[in-house]
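Coming up is one lone chain in structure tokens, specifically the form predicted alone.
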């Protein structure tokens, strides 16, 4: 444990990667699909491992993940720590990662949780998130304001209503919260789809930090082509 008089919160990353990506209709979990000659997950792990503010990057894998060992991750350096303790859901995997990392992470250290399927994470996304949340009591997440008109559909896809888009945001990752706060929130709310939802269920209000549309999540086959274009054409 660090001496309290010298305490400065550190930053750790957790990347849950125990899912199988069924909507991609691929022969392997989507985090291992090839993207510019590397596994899809490699790109975001590389950015996280290169971030000066992040001390370690824990990638949470399925207990029986055999694909991870087929790839060379050595170029990412000593920050990368694989944990073979993933669960059935994202929340299960993040919680397992928080528990496994507890011997290295102080309760008040920050944890950035990032989707394994967001390969277009950029250094400035991490820098902005950490900078804007540095003094926040709760934490928050990258997000983008909803620009499209939203429709609520019925059982047979007829439009039931147009949903006002004012004050609506599309959640992204990383999502950044204190270790102890996030662990307790996930222990109490296990059926959430992201970390911010668990924090909200605890009665707290995460801050939205505006990101951009290039930080896309690969969900469908076309998204792989979009991610390739972004990574190839990104400047700066």
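What you see is a predicted model; the values in this text were computed from it and never measured. Residue numbers count along the first chain shown, from 1.
Form predicted together with a small molecule: not shown, discussed below.
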* Decide yes or no: are 90, 193 and 217 jointly within 4.5 Å of the small molecule in the predicted bound form, with each residue judged by its heavy atoms? => yes
* in the predicted bound form, which of the listed residues (180, 171, 49, 35) lies with a heavy atom within 4.5 Å of the small molecule? -> 171
* Structure fact -> Counting only non-hydrogen atoms, the one stretch of 50-58, 64-72, 171-179, 203-211 within 4.5 angstroms of the small molecule in the predicted bound form is 171-179
* To do: Report yes if any heavy atom of residue 118 sits within 4.5 Å of a heavy atom of the small molecule in the predicted bound form; otherwise report no.
  => yes
